[in-house]
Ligand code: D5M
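Below sits a lone chain in structure tokens, taken as the form predicted alone.
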């Protein structure tokens, strides 16, 4: 198997740098001749070798974009689709669906064998092979290595990630219940699998985003928190005035529309509107002041008047009666199609879990958190933690199909990233620093909106402070 450092050094020997995605791809292909073919074919003025320099690798994107309406469609997450949990049998279906779908993405790049077959055969104690499983447990050893228990439908095995191997950086970011593939060898006693290479479902290296054929602009925001004494009404009014002159076609709001009631102890002391119906009525008035030519797409968050378990249903009708007619209510998460550009809206509560599980993660790095979701092709991989999940027969949190834009909120801190053709956007909040955030030393970035040109997918941040 090709070593990442050796790949990088071979390119450096010809005065070329190489993108990490290309290094990963070359490791998966395990073909030294491919490296030489790339070096021989790159143009003389090349500084960094990227995916476009790989022979035979062509850009990929989904073909079918429109079902009925070329201007706007709800691909998934329409009202009434979140369903309910009908008992423990749904959990079996839920995790089986997760394993099959995410495992299938890995199998498209490498073949895997059942864990039971690995344990029954002695040949893989001398030969390399790949297994694909769900991470049941992960811990550090006394010597600083990492051990993960990997499960598939046939069995389970302990996988060792040595700290002196390049794969260790990936192992440090393992989270419970994500699906991975691991290439390596079985120990002589058949009790431990030594990992040499890891595969995640990930976004394909040759993914190419779709861009609209006609002019269009989307404005992305989240976390308005109407009713809170820290809601920035003056700044919101500036935003509303700006929209009157801005040629925007869509406004997307990714959850926490209001501050809610009884969300946390002592909240009533921090509310200017203490009735939940009145909070939504006030929001309806604010939305009615915005241009009626815009389509407003609204999904809920953990402060809204819906169940806490994700996927969350749409805001119920008794609370949305005052919303204007140009509003479309969707679930959390929801995938919407704007002129062919797919936007995956997810409030982002699982970021709390990932910050506690991934070394170096923080609320200030919301862009990195979106990349972690995309790498795993899952919005909330760690089950049973702070993010409640309503386990249905299908795992609605899987990122499939690949969107052009991932739109999140929750952390109140702006973050923008571009990962393998997917634009990740967290626009921040419309709430100044709360007392809880002061205690946690969290500094929000309020009163921001991010606009995206649907023909170029270029984001622009506009401040209303």
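Predicted, not measured: the structure shown is a model, and the values here were computed from it. Positions refer to the first chain, counted from 1.
Same protein, other form: the form predicted together with the named molecule, not shown, and the subject of what follows.
The stretch in contact with the named molecule in the model of the complex, judged by heavy atoms within 4.5 Å, is 300-308, chosen from 300-308, 119-127, 75-83, 273-281. For the options 363, 199, 99, 383, the residue carrying a heavy atom within 4.5 angstroms of the named molecule in the model of the complex is 363. Of the residues given (331, 178, 395, 223), 223 alone sits with a heavy atom within 4.5 Å of the named molecule in the model of the complex. When contacts are judged by a 4.5 Å heavy atom cut-off, residue 352 counts as touching the named molecule in the model of the complex. Proximity of residue 411 to the named molecule in the model of the complex falls within the 4.5 Å heavy atom cutoff. The named molecule in the model of the complex is approached by residue 437, whose closest heavy atom lies within 4.5 angstroms of it.
For residue 442, a non-hydrogen atom is located within 4.5 Å of the named molecule in the model of the complex, even though that partner is not displayed. For the stretch 247-284, the set of residues having any non-hydrogen atom within 4.5 angstroms of the named molecule in the model of the complex comprises only 256.
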